[in-house]
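Taking the form predicted alone, here's one chain by itself in structure tokens.
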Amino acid sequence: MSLSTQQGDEDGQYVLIAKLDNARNMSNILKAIHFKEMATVFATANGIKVTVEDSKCIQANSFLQAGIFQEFILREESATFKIDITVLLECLNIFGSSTLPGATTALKMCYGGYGSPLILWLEEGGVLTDCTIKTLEPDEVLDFNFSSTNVINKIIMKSECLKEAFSELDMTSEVLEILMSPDKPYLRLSTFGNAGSTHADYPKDSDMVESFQCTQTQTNRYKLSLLKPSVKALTLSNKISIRTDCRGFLSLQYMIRNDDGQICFVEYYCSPDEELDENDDR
């Protein structure tokens, strides 16, 4: 029995049915936000959003648009549940992370509504397996109230140069300081570690900068430990949008192209380190 015929007669009992010809298109995006065990899944007609949070200071969202799926059926206005993302990733990669040409794992994912488990059927090379993952009642997720109308500074860059910068960050520094300005140095990343201060500057006319919209000079510090998980998303991405609002909250939006050339987005929100406001008059 193939995945295409598996459980076809019983599909009517599910609130959510989603099919992918390549499960890696889902697992890669989820890896980009996998820094805590539990995640909240929101399904709407637009697709699936998966949210992971930590310490009420950082939130990561991955977006899988409905158009990425070969089949996407949602029989209610929305469906929300909490799930162990570690277990979900293990199931999605149950056949291993083979990158052999033509070796893809097909996925059918079903959810029966409140209190029901998430059921995955996976098929590779004619071998079919199923996984049943317990779901939990979702917690209320943080609302960072990050509105585009309150954005003061926004820079869109190719991810390439930031990958290098983040790989060279001084991890003995407790914070990463981000300066964004309409004037020089335009964009500066600074750390303050055991070996002293380090700065990386990016001019607005650099080939790496695709869009530069900064209206005022703003300097904010963010706990490096909170931003460290976002490096996973940066590694996978082609472009990054860096935005700050009037409160100093940071939005990092990553554009990720999957194996089939489709575009997915991962977004990290991070609150500023309050100690800067208390100890620094700038």
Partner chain sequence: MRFRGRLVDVACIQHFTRVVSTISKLAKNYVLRITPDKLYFILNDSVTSGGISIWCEMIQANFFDEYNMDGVSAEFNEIYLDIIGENIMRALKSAQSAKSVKVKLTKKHTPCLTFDVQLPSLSVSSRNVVHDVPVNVIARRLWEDYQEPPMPEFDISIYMPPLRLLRNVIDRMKNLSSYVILSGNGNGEMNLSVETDMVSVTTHFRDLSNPTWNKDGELEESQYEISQDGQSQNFVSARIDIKKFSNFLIGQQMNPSKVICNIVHNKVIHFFLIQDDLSLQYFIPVISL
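Positions refer to the first chain, counted from 1. Values in this document were obtained by computation on a predicted structure and should not be read as measured data.
One more form of this protein should be noted, the form predicted together with its partner chain, which is absent from this view; the next part is about it.
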- Partner-proximal stretch of 86-94, 176-184, 104-112, 142-150 relative to its partner chain in the predicted bound form, 4.5 angstroms, heavy atom: 86-94
- Query: At the 4.5 Å heavy atom threshold, is T80 in contact with its partner chain in the predicted bound form?
  - Reply: no
- Is there any non-hydrogen atom of E210 lying within 4.5 Å of its partner chain in the predicted bound form? no
- Message: So, D130 and its partner chain: in the predicted bound form, are they within 4.5 Å at any heavy atom pair?
- Response: yes
- Look up in the predicted bound form whether R75 has a non-hydrogen atom within 4.5 angstroms of its partner chain, and give yes or no. no
